[in-house]
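Below sits a lone chain in structure tokens, taken as the form predicted alone.
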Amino acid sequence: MSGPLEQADGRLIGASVPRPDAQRLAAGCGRYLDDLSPHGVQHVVFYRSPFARARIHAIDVTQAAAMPGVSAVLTGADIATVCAPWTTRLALVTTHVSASQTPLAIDEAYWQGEAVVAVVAATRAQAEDALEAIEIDWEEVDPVVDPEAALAPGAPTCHPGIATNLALESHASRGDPGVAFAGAHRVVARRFKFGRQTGVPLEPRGILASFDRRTGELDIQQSHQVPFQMQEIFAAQLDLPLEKVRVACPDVGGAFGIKLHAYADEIAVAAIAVLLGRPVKFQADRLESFVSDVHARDASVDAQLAVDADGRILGLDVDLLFCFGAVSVYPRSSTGEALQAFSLSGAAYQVPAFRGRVRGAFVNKVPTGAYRAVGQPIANAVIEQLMDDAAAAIGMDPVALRRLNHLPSRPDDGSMLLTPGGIPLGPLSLDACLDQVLERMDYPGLRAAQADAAADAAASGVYRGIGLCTFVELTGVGASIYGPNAVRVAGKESVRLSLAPSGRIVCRTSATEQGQGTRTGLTQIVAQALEVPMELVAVAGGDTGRDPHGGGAWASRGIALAGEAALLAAADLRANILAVAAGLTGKEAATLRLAAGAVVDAGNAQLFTLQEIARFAHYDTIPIKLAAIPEMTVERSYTPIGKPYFAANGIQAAHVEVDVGTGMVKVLDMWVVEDCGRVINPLLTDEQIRGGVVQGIGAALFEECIYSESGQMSNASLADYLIPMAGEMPQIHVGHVSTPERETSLGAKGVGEAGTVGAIGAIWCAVNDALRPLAQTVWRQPFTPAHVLDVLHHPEARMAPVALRPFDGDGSAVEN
């Protein structure tokens, strides 16, 4: 190969190649978990707690067990005979200790939707009928629902297994924020409320478990993102040798982070397979998904920003409170959203003084966990709205204020940049992205049109607004998070490449596919690196029994990490192929190369096809005049060294229309210019970004898990939990700036969350820009028509005064 960057440029890397899988899936030929139905499979359904918290005095399953088709009815005590409890904790976050958890509730249930009894029957309908015959003697207990009340002194705990509801508390301070705020020309402050969401993938969670009592082998098929993590968990909880557990993932109809976790009901299904010794299957339906899939976001933030008379940032002060569930999701914990939102506060800007606090509260609600762009939309929405407020306060255009304060594109001394929360960042391209997005959206033209329409807005009741959101996106998460926290989640990704006896290239990878196009990107990388047509490369993954060990798909790492591993493996396999050719011809390997699926010499004369090399290497080795025959299978892994993330970045912009008569917000256009380093496949990259923007629009305008004061989720159906539809989507314009990642030969960073990261912030700023002539602002996300009308017409519904902690007398931060 040539230089580390040149090797990544070429005919396939950078080409918009369609996903071969897309046609199969769109034609209804997918093979999802619910398509799997082996002979003799039994169906599992769960009786779930109808209460946010209740003690269980007695469970009578006699009638249910006698129902037609029912083979077993199991309680938590039954499951506990083969499955150990678990506790979520992080070695480096010592304040975060969850209560112990079991597959099914025993003695007490701690959230509405927690599984209590499992019914196993020949058909799902029979199992559901039997649920009606289960009798439970409950005693409802007052739940802890509000996070602020949960942390008040003397508040009752939401679970007897914890000493306090305080699930997390962390502080950070940089510079002298007290002096910065005291000497500021203007200080702007704001309260934010982020609604609770969930993922809503096309295919709900599901698992099929089979246990062979003769061999002691547990075989799992699961709709999941991280099969190796689940292999570890099933082996540990069921006391099985790791090598006796296989986890494979069929086609996964979307995941968005919610399929990263080990769900208690899915562990219960594996335990039931062990108990019964026959295949059992659980497929969540949409209604139970709303109260058993993890939720996300659910945070309130008080924040203030200090600027000087020229608009330069002097200080940032944030106080974040997150509402977790009754327990911390296993094994990664529920802290990720809170810690990421905290550490990325103000990440795109030069902030000389910073004070921050983040807390999390255990309450009797569904546990929270990872969801696309974990924490990052919150961090970006907060600082971007403060930037707009500061710009308005000093009479400066918000674009000029952002450009003035952006982090530089490249540090002069070559060292890593640090966010105010302490996250190291590589080179960024914020100004370049800003320049491109302004040109694409015709920012001056939109502002002029907005000014022209202002006179008519009062009469029509329709106001237009423009919002920008600068973002830094953390991608390619590596080995520095879970390993040091004693959580067995691989930080690396791996690729095993083989020249098969057929002459085709077989690629097995630890990176999984949930519809984002990872396989297509890896195919492009391998095909180019080995100079073979893409049709000769077959990429597969998602099976612990066949694949090299690795993490799976999360945190935008499929191409960034597995792509680099593929490039390294391809280099090794190519060297071995050329060595075989050299052994056959007596030529120096250095004079040979691969071209168009064949080995050619220095004069471009074809010597062998790959099929011929495969035949010699696998079946006829005598003519190869070498001391040892090179391996036709190689395996390489890659994990980032010396940095926790690959930092991507970009700008989003939104143009919206707010009807103050109805409260309706219409997104007219969205623009995204982002920098994910080297773009392997522009078509797939743009699709990823557009999909993420759609999820961001859903968060901004529609989606929220609404809870009653008694801890009941009151909109747990798709009739009431609104998700964005195609007819409500604007044009989403995508552009790119490319700053290749320095640490890798491929130069790719992740892009899977870029669309979601900035959409909420851009729309938030745009809605409030539209409402500025009316001197009102929205402060709760989602910005529903009811919320818009409330802030316009009901003073009691407007943002409460912000009450951040005082600074002490010498100007330094006061830490509680």
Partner chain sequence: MNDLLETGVEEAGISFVLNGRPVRHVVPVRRNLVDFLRHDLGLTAAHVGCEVGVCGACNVRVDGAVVRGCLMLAVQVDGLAVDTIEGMNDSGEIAGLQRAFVACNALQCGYCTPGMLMTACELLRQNACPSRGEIRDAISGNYCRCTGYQSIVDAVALAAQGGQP
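Note that the coordinates shown come from a computational prediction; the quantities given were computed from them, not determined experimentally. Residue numbers count along the first chain shown, from 1.
The protein also exists as the form predicted in complex with its partner chain; that form is not presented, and the subsequent description refers to it.
**Q** Give a yes/no on whether Asp456 approaches its partner chain to within 4.5 Å in the predicted complex, heavy atoms considered.
**A** It does not: once its partner chain is placed as it appears in the predicted complex, Asp456 has no heavy atom within 4.5 Å of it.
**Q** Check whether Gly426 has any heavy atom within 4.5 Å of a heavy atom of its partner chain in the predicted complex, and answer yes or no.
**A** Judged by the heavy-atom cut-off of 4.5 Å, Gly426 is well away from its partner chain in the predicted complex.
**Q** Can you tell me if Ala22 lies within 4.5 angstroms of its partner chain in the predicted complex, counting non-hydrogen atoms only?
**A** Result yes; Ala22 sits at the interface with its partner chain in the predicted complex.
**Q** Examine Glu703 and determine whether its closest non-hydrogen atom to its partner chain in the predicted complex is within 4.5 angstroms.
**A** Heavy-atom contact with its partner chain at 4.5 Å: present for Glu703.
**Q** Which is the contacting stretch out of 525-533, 720-728, 563-571, 293-301, given heavy atoms within 4.5 Å of its partner chain in the predicted complex?
**A** Contact-bearing stretch, as computed: 720-728.
**Q** All three of Asp129, Gly199 and Glu687 touching its partner chain in the predicted complex at 4.5 Å, heavy atom to heavy atom?
**A** Yes, the whole trio is in contact, each within 4.5 Å by some heavy atom.
**Q** Identify, from the list Ala596, Ala540, Ala80, Ala122, the residue with a heavy atom within 4.5 Å of its partner chain in the predicted complex.
**A** Partner contact (heavy atom, 4.5 Å) among the options: Ala122.
**Q** Looking at Glu148, Asp601, Asp239, Asp285 here, can you tell me which has any non-hydrogen atom within 4.5 angstroms of its partner chain in the predicted complex?
**A** When its partner chain is considered in the predicted complex, the option within 4.5 Å is Asp285.
**Q** Within 4.5 Å of its partner chain in the predicted complex, counting any non-hydrogen atom, which residues from 233-267 show up?
**A** Sequence-ordered list: Val252, Gly253, Gly254, Phe256.
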